[in-house]
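The chain that follows stands alone, in the form predicted on its own, written as structure tokens.
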Amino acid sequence: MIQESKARSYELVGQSARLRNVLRLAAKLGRGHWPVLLLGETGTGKELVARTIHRNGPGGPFVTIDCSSMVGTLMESELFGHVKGAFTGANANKIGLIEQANGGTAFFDEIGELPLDLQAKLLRVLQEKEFRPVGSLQVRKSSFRVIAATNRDLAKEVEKGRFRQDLYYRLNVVTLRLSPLRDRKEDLPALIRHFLEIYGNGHTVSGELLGLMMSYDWPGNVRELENCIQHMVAVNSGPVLHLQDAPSQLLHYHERRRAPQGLVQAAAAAAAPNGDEPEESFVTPVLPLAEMERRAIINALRYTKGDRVMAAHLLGIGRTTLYRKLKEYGIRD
């Protein structure tokens, strides 16, 4: 869901009801200064939603604080900064991430990974708008909007004593839960086109590969889809991406689907939208190429709900060619 392109910008991609609701709330939340807690699986685009909320606000810096990457004694220095001589190796004053976020937004990614002692210090910053750099006796001010994200159940973490209850309530003013990609597969075609525009060079996806991608559950969510497109563009030598270009997890999934029902039946099921059974059953172990092409066109039209322009794009053919083949195969809307 991150529009990186040549000049890095950010955009939420898709038209599903779930995504439209997130966009609506992000626009509304951007106008206020309330703390926001983003919940969702890894790869669902929590930082992107945080940036969207920030972009709808008054401005200022957007500072990402990755709580899962900060380890050991340097954690406090990363957050609050330090003064020269505070510890071995502190050869100069350092401004911490908290101070850098002053006047803007601090995005605490994977807030559930923050140790309890730093949770207490963060709570004081949120309440009093002040902190002290490591090794300093002087209090400094920093006021910012806080957006936190986690893939953990923070309420259960509080029950287990691994997350402070007072900090949880401080962060949990407005909660947004982001849906996994498997629950909004109607956004997949738009996301595939989006990433092909970023990483491809006029590449398109074959009907067979599109069917497989639509039936796959994407446990790594949009991040996995993005990596998948990058992989296929890197290994493919032609303009159309085919099944054999897919990364190993998709190929393994394809093989698991084939095993119980035979090669051909599973291939048809993989190409059927949303995992539905194909309309026609195979009666021969090998289909003529014309029949395979006819079924690929039918599946593409199903996915695009009859949009012939989009179907031609996904099939990697021109509109004129698609119209000719529709007439040739007797396919009606």
Ligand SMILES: Nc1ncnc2c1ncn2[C@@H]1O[C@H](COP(=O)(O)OP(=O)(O)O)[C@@H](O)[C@H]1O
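As the structure is a computational prediction, the values presented were derived from the model and not from experiment. One rule holds for the numbers: they count along the sequence shown, beginning at 1.
Below: the form predicted in complex with the named molecule, not depicted.
**Q** Does Phe195 reach the named molecule in the predicted bound form if we count a contact as any heavy atom within 4.5 Å?
**A** Phe195: yes, in contact with the named molecule in the predicted bound form.
**Q** Would Ala312 count as touching the named molecule in the predicted bound form under a 4.5 Å heavy atom rule?
**A** Contact with the named molecule, no.
**Q** Would Leu209 count as touching the named molecule in the predicted bound form under a 4.5 Å heavy atom rule?
**A** No - in the predicted bound form, heavy atoms of Leu209 and the named molecule never come within 4.5 Å of each other.
**Q** Residue-level contact is defined here as any heavy atom of the residue lying within 4.5 Å of the named molecule in the predicted bound form; does Lys46 satisfy this criterion?
**A** Residue-level check for Lys46: yes, a contact with the named molecule.
**Q** Looking at the named molecule in the predicted bound form, do all three of Leu19, Thr42 and Arg223 come within 4.5 Å of it through at least one heavy atom?
**A** Per the other structure, all of Leu19, Thr42 and Arg223 touch the named molecule.
**Q** Pick from 62 to 70, 294 to 302, 24 to 32, 46 to 54: which stretch has a heavy atom within 4.5 Å of the named molecule in the predicted bound form?
**A** It is 46 to 54 that comes within 4.5 Å of the partner.
**Q** Name the residue from Ala86, Leu243, Leu191, Met214 that puts a heavy atom within 4.5 Å of the named molecule in the predicted bound form.
**A** Checked against the cut-off, the match is Leu191.
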